[in-house]
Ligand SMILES: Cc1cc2nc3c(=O)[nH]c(=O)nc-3n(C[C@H](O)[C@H](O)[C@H](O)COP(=O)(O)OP(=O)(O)OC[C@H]3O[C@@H](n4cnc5c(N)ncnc54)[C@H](O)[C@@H]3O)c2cc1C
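Here you get one chain, nothing else, as structure tokens; it is the form predicted alone.
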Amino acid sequence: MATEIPLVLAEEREWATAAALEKDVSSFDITTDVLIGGYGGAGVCAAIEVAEAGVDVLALERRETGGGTTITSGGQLYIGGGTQLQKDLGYEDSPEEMLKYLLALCGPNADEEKCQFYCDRSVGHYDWMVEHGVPFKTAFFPPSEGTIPVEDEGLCYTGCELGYPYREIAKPAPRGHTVARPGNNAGLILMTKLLEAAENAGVKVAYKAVIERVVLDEAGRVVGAIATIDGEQKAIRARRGVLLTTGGFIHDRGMVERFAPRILKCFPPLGESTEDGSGIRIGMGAGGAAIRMNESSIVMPFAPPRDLLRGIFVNRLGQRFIAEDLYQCQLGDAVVIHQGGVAYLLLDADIAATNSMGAQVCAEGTIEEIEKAVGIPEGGLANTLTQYNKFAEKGEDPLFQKHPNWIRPLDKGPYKLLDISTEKCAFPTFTLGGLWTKSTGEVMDIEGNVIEGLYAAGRTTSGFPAGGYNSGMAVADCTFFGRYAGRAAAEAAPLD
């Protein structure tokens, strides 16, 4: 299937880390078949696949231990299509319905080929995780409670599956598979199991080690890398290829300012401090195209408690602009990108103002008093509330189609207005753009030609959540495409 690429940044050469030339390397200090930069979720899964294929692999990790951002994540993977866990809990799903949802959510211009590739193999990815020791408890966490299980329930809804228009585009199914854990450490359990599997497979790892640049031969093939290992520079020959899995660029403020300036005011950045764009710049230096570098996931974690979904979001004019029950990243995008970072949540006396994002009550009283307090044009909020309550009496929301479960009139004063603007609240964010790759991990140039010997996965690439996101997609994307990039590198013809 053809995939439209809306943003290719081959002209940004000043951001590239220039490759070294093989003719300038007097000798190689280390030789391996596959060299992996980064040992988080993508890197460890790639390394397992390479080692289990019987191919020599060396992974370099900047820190003293492996895990990357995945180890501090919620340990949730967006997996579907009919996994054993879905079946055991009585939920039907198919790759076709999952694809419909991903194409609607992960746009605009979602990578259809990658989404199709992932949906067709998603069940197999769940099975692979279980086979490698990752535990999932057969228990369901209801959507009325949220998108992140509070105990160790294995399955839940994690995005907009039940929201409009997604519930009409695709048959809703819960696809959030969260690793079983004692306490809030599912990411730690996930990575511990994967790191153990990698060790058992014979993966070699060098810590306090980082790839500085790749090495190209006269034909432009990547044949190795220059790396710093424990403070010493080493030239490493990679007979089958170099695989970059060093994360995104959320912690390089210069790159964020250049490529994704709309998230500069969002805080905190999500991801380890090592997500500084180094892998993207290294790939660009070898001729790789960086795409969708303006895309990001902006989280607005206003709920829990879920009771807040009964309120209504309004902008500086007092008008609603989105359904309140959509996923927190759709809400974050709406506030930051479409409302200039300024928005409010209106509650009546029956809804407590306590929330998880730190939003404070900025006005309280009658609707007229609230309008005056925050500068909403006279009647702007009053008209919005009158219109909303008129249909809420019937359990309807013709403007944005909020799910009936969260609709009731807001008619009990005094009213409270929460300030959920970016200058007042936490809006965690991370980048989604990166190197342009095939579904099997090969890095491509601006014309779609494969750069021989160069592979990438995880946030170093533009993955299947290309321009939209919900919980579990990052960990699913990096572990799944890390595996397939590792397979492709292991199957590559070795250098003489």
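Throughout, we count residues from 1 along the sequence that is shown. Model, not experiment: these values are computed from the prediction.
What follows is about the form predicted together with this ligand, which we do not show.
Student: Please determine, with the chain shown alone, which of 24-32, 50-58, 439-447, 65-73 has non-hydrogen atoms within 4.5 Å of this ligand in the predicted bound form.
Tutor: Flagged stretch: 65-73.
Student: Determine whether any heavy atom of Gly271 comes within 4.5 Å of a heavy atom of this ligand in the predicted bound form, and answer yes or no.
Tutor: Yes.
Student: Can you tell me if Phe427 lies within 4.5 angstroms of this ligand in the predicted bound form, counting non-hydrogen atoms only?
Tutor: Judged by the heavy-atom cut-off of 4.5 Å, Phe427 is well away from this ligand in the predicted bound form.
Student: Although the partner isn't part of this model, could you tell me whether Cys115 comes within 4.5 Å of this ligand in the predicted bound form, counting any heavy atom of the residue?
Tutor: No, Cys115 stays farther than 4.5 Å from this ligand in the predicted bound form.
Student: Would you check, heavy atoms only and a 4.5 Å threshold, whether Ala46 touches this ligand in the predicted bound form?
Tutor: Close contact is absent here: in the predicted bound form, Ala46 is far from this ligand, nothing within 4.5 Å, heavy atoms only.
Student: If you look in the predicted bound form, which residues in 203-242 sit within 4.5 Å of this ligand (heavy atoms)?
Tutor: Sequence-ordered list: Ala209, Val210, Ile211.
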